[in-house]
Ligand SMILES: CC(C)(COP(=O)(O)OP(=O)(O)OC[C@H]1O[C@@H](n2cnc3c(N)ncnc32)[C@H](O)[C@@H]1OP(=O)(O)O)[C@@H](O)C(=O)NCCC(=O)NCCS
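In the block that follows, a single chain appears as structure tokens, in the form predicted alone.
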């Protein structure tokens, strides 16, 4: 269902970065993409950020937060472009998939597709997909939002840590959330001291073969992915995001269900340096 974890960091063309996730129970495809700092050498920031994206990126005073923001947007736009191009209603004339211009190249065409999307934020900070500097095609439009800007019929969930951004794109109306954390003892200690765990989570911590820091961050990313899928992020009560079961389903892959949101599933991937979780609710 998911490529080897190390492929997140492997150099490969950005045009082939997005992969389709097979999530049991979802009727619409979910597209995953990642972006790392090396990718910004292949596609300069100014070529794919919209005017609004650039304004938001420029508000960061320090380089690392600005890069993290940019990588999250790049991953999100790669996933959105893949989802848009896969939509059966779109034909060869789709401006999200333009032919290469005589004086341009693959990078220029990709940048043009990515500028077709703008990823803004809603009232609670959740990512909201809108048409970007290029007009979105009518087949993707869901009607006008503020300022008459069209909203493509796609949603996105983003996460990033230093040097890596990840995202999933999905049909608007689906409930999907993604979260990524570096494995860090201090971060895990914060979770242990500050997050009330359910009895089921405490019991799992006692029997899992994972190192404690990794296990705690798996629980944290699963909870945060659920918060994103619900649209409330961490504004939800932490207790309401607790897991009730976690089981190993593959090499470094876990699946689980939630205590107070039993309709949601989660899938968690363990890498050498990071943990990533995705929560979703089948219709």
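Quick caveat, the model's predicted, so the values are computed rather than measured. Positions refer to the first chain, counted from 1.
Quick note: we don't show the form predicted in complex with the named molecule, though the next part is all about it.
Interface membership of residue 57, defined by any non-hydrogen atom within 4.5 Å of the named molecule in the predicted bound form, is ruled out. Contact check for residue 181: a heavy atom falls within 4.5 Å of the named molecule in the predicted bound form. The named molecule is not drawn, but in the predicted bound form it has no heavy atom within 4.5 Å of residue 113. Interface residue remark: residue 160 is counted as part of the site for the named molecule in the predicted bound form, having a heavy atom within 4.5 Å. Taken together, the three residues 73, 125 and 224 all come within 4.5 Å of the named molecule in the predicted bound form, as judged by their closest heavy atom. Contact with the named molecule in the predicted bound form, defined as a heavy atom within 4.5 Å, holds for exactly one of 45, 248, 232, 52, namely 232. Heavy atoms within 4.5 Å of the named molecule in the predicted bound form belong, among the stretches 224-232, 210-218, 253-261, 25-33, to residues of 224-232. Scanning 238-273 for heavy atoms within 4.5 Å of the named molecule in the predicted bound form gives just one residue, 238.
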